[in-house]
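Next up: a single chain in C-alpha cells, the form predicted alone.
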C-alpha cells in the first residue's frame, strides 16, 4: 500500500515537473525577431515606437525591432542595398510615390495578399478606404503593401493672425483667389512675417492639384495603366498655378520653404500665417504652436469645371521584403504585426495622435465612438476632402516609376522659376522633357 502510494506521488511529482519544465521552456523560448525600417522622426516616430511596443507587449512569440533609417528616399536606398546584400529587413516603410518602383522589384517583395494567404492570417481589404486600398493594389484589386501612415494635404492657418488682419478666424480661404486676398491683408496688417508657404511643393501643388482639378499629371491614368506614361504637368492649368505662386513671391505674400517637408516648420512656428502641408502635421502644431490654429480644405480654382474633386493620399505603406534565409515563422510574425496595426483601436489611436487619416472604416467608427470628432472638428476635414467625390482617372493617385527622381526634377525647375532664371512655362516644359527621360529608362528596365 505504502509502495503504491509512494509510486503515485512520484509519478504525480514527475508529471508536474515535466509540465512546469515545458512551460518554462516555452516562456524562455526566444522570440521570432522582425526588423522594421522606417522614416519617421520626432512626434511621429515616438507614436510609431509606441505602437511597436504595444505589439511586443501583447504577446510573447514575436518581437518587432523598429529602426529609423533617415528620410523616405534614404530608407528606400538603404532597403535596396540591404536586399542586394542578402540581408533585407522584414518590413520597410516606403512613401507612396515609391509604389510603382517597389511593385516592379520582382523577387524583392512579398505581396501582402500572398503573405496573408500563406500564413492563414485573417485579412479583409474591403475595410480600407477606397482611395487607400486602390493606391496599394494591383489592377485586379489585390493589395501588395500594407497601408499604414496615410495622409492628405490641407490648409493650416493661424487664427490669431487672421484676427489681427481683420479676417474671420472661422472661415479659412476656400479658393486660391481668397487665399491671395487673405495673404495680402495679413501682410498689410503685419499680422505675421509671412502670408503663406507650403511644404511638399510637388505633392501638393502638382500631384494633389491635378487630382482636385481633375487634370492628368501624366497619361495612362497617371501611370496606373502602363509604364509608357508621359508627364503632362506643363498643361495650361499647372502653368497658371506656378505663375501665381511666382507672382505671390514677388509681392512678398509667399515664402518658399524648401523641398519635401522642409517647409513644415514655417507654420507651427508662427512665421507664416497659412501653410499648405500634410494632415500629419497635427502632432507638430499641437506641440509647438503658441497660437490658436485651424484647418481648412486645400484651395482650388473655382472657374475650373468640376472642381474640387477628392484629394489623394501621401504618407507611406509597409512592404514585406524577402531574403534568402527568411523562415515561415518570420513571415508569420510579420503577418501578426500587420493584423495588430489593422486593429480598429490601434489604427484609431494612431490617427488621433498623429493626424494621419484613419485608413479603415472601422477606425473611423472607433474614433467617432470615442467622441474624437466632436472634440476636434478639424480632424474630419482631411477625411471629407479625401472622400468627397468618387475617385476619377485623374484623382486615383500617381503610379509612375522612379517618381522620387521626377519630384527632384520638378523641384529643380520650379526653384529656377522662383529665382527668376526662367519662366514658369519654360520650367514645366523642361520638367516634362527631363521627367519623360526618367520614365523611359524605368520602362526599359521593367521590360527586361
Partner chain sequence: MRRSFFRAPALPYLLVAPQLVLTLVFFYWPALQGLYQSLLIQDPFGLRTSFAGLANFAAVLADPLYGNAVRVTLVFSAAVVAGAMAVGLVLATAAAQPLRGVQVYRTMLVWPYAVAPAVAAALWLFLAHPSVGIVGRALVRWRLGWDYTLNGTHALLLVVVASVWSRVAYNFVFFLAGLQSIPRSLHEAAQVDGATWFQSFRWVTLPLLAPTTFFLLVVNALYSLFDTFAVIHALTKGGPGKATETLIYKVYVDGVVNLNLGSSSAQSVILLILAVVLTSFQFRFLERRVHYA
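Between two forms, the rigid core is the largest collection of C-alphas that superpose within 1.5 Å. What you are looking at is a predicted structure, and each value in this text was computed from that prediction instead of being measured. Residue numbers count along the first chain shown, from 1.
Not on display, but discussed next: the form predicted together with its partner chain.
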Note to self: Based on heavy atom distances of 4.5 Å or less, which listed stretch (138-146, 256-264, 240-248, 308-316) is in contact with its partner chain in the model of the complex?
What the structure shows: 256-264
Notebook entry, point to check: Among 416, 388, 41, 31, which has any heavy atom within 4.5 Å of its partner chain in the model of the complex?
Noted result: 416
Checklist line | Contact assignment for its partner chain in the model of the complex, among 104, 370, 304, 289, heavy atom within 4.5 Å | finding: 104
Checklist line | its partner chain contact at residue 76 in the model of the complex, heavy atom, 4.5 Å | finding: yes
Next item on the list: Considering only heavy atoms, tell me if residue 83 and its partner chain come within 4.5 Å of each other in the model of the complex.
Entry: yes
Margin query: residue 108 versus its partner chain, in the model of the complex: is there a non-hydrogen atom within 4.5 Å?
Written below: yes
Notebook entry, point to check: Can any non-hydrogen atom of residue 402 be found within 4.5 angstroms of its partner chain in the model of the complex?
Noted result: yes
Note to self: in the model of the complex, does each of 124, 168 and 353 have a heavy atom within 4.5 Å of its partner chain?
What the structure shows: no
Item checked: residue 358 C-alpha relocation of at least 2 Å between the shown form and the other one, rigid core basis -> no
Item checked: Rigid core fit then residue 322 CA moved by 2 Å or more between the shown form and the other one -> yes
